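To begin, one chain is listed below as structure tokens, in the form predicted on its own.
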């Protein structure tokens, strides 16, 4: 406890030091904290353009890695030292805690002037709270999406061809996916890699199957305890990972890999497929500019009742309602999401613009494919599963992948964890 106290004291001191000097004489300045180190150069370029246009200085301050950034934001909130614009960089539960504490501005009114029409609805929903949400947040829009990322499966066209697979015809169904993986393995090529040492990526891959089998309603009912994790549908989902293990789909060491290591495996052509985000386009161009690849959606389950869904997220910025530059900050964010600036961001960072009107201006074919599937995103739910249950699920899938646990054992373990949490709520 003492160590944690000293750490928070250190962070608060850091916040105090970096929060000083926002106004220099009569200079108007907006301070924006963010974690997006890959966008730093283009952010500074756009800040310079805005200063020349409006005479307002925009100071972007980058803090990385993301865990350090999150702790800095929390410490600043406790000390009343948040900047003009920032993001808690958390899930809906964490964002809700900042909103309910009065640290994030409700942007609904200004969004309803036509601003919200620029954005993909599924993306805007991620910082939107609807009536009846479990966190009791006033319904409204609370964030501004700057750009968008989604996760699909990259595949190496050269390695596909080497294994006798048509590189222009990637698998679409689970059966085709397994057949392709077998051919790759027979050719001495590792079929599939991802950063499964990071639990959230396992959750993303699992959810692509969960939504197909259970649908949105089924997942909500599971979270509420109305459908058990021992339900045959959940066991079927876990059996997919057992099937992939038995068919030797996974790259060696996949459950201990962080995603950066998995990206390196794919970039150096040591695996033919990689579950990764659209940010991989930028990553792979730096690691191996000659890499010949494309993308496809997670495989469709033949007997699934519901369509394929994918993980889609956005880099949001939120406005501090206590900022003396609140209106100027909102005006800057409106400018940042206009067509010209969005095209600049997309070209410089190879990310999908949040402004749907400039999608046709994307120069990268693979990025266009990512953008074309944004309507297939996981829906934003009014409830969230407890993090303990999600962690148990992801670690259980890791155990299935290495043969230490059966699908039934994981289902029983998950349901026991769920029952314990439900009992605590009574």
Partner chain sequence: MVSDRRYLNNFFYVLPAILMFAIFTIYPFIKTFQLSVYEWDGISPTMKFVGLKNYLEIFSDRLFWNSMLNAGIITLLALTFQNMLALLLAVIIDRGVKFDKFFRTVYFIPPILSGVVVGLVWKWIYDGNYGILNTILTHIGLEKYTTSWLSNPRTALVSVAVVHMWKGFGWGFVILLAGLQTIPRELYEAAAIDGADSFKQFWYVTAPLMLPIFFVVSVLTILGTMQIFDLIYSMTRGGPAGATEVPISYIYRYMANNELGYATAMAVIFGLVLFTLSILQIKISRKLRKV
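Note that this is a predicted model, so its numbers are computed, not measured. Numbering follows the first chain given and starts at 1.
The same protein also exists as the form predicted together with the partner chain; that form is not shown, yet it is the one meant from here on.
Trainee: From the list 174, 115, 98, 142, which entry has a heavy atom within 4.5 Å of the partner chain in the model of the complex?
Mentor: Residue within 4.5 Å of the partner: 98.
Trainee: If the cut-off is 4.5 angstroms on heavy atoms, which of these, 340, 305, 245, 270, is the one near the partner chain in the model of the complex?
Mentor: Residue within 4.5 Å of the partner: 270.
Trainee: Judged by heavy atoms and a 4.5 Å cut-off, are 93, 258 and 261 together in contact with the partner chain in the model of the complex?
Mentor: Yes, each of 93, 258 and 261 comes within 4.5 Å of the partner chain in the model of the complex.
Trainee: Should residue 225 be classed as touching the partner chain in the model of the complex when contacts are defined as heavy atoms within 4.5 Å?
Mentor: The answer is no: residue 225 has no heavy atom within 4.5 Å of the partner chain.
Trainee: Quick check on residue 105: any heavy atom within 4.5 Å of the partner chain in the model of the complex?
Mentor: Close contact is absent here: in the model of the complex, residue 105 is far from the partner chain, nothing within 4.5 Å, heavy atoms only.
Trainee: Taking any heavy atom pair closer than or equal to 4.5 Å as contact, tell me whether residue 70 reaches the partner chain in the model of the complex.
Mentor: Close contact exists here: in the model of the complex, residue 70 approaches the partner chain to within 4.5 Å, heavy atoms only.
Trainee: Against the partner chain in the model of the complex, would residue 387 count as a contact residue? Criterion: heavy atoms within 4.5 Å.
Mentor: The answer is yes: residue 387 has a heavy atom within 4.5 Å of the partner chain.
Trainee: Of these, 394-402, 369-377, 355-363, 49-57, which stretch puts a heavy atom within 4.5 angstroms of the partner chain in the model of the complex?
Mentor: Among the listed stretches, the partner-contacting one is 394-402.
Trainee: At 4.5 Å, heavy atom to heavy atom, what parts of 108-125 sit next to the partner chain in the model of the complex? List them in sequence order, or say none.
Mentor: Heavy-atom contacts within 4.5 Å come from no residue here.
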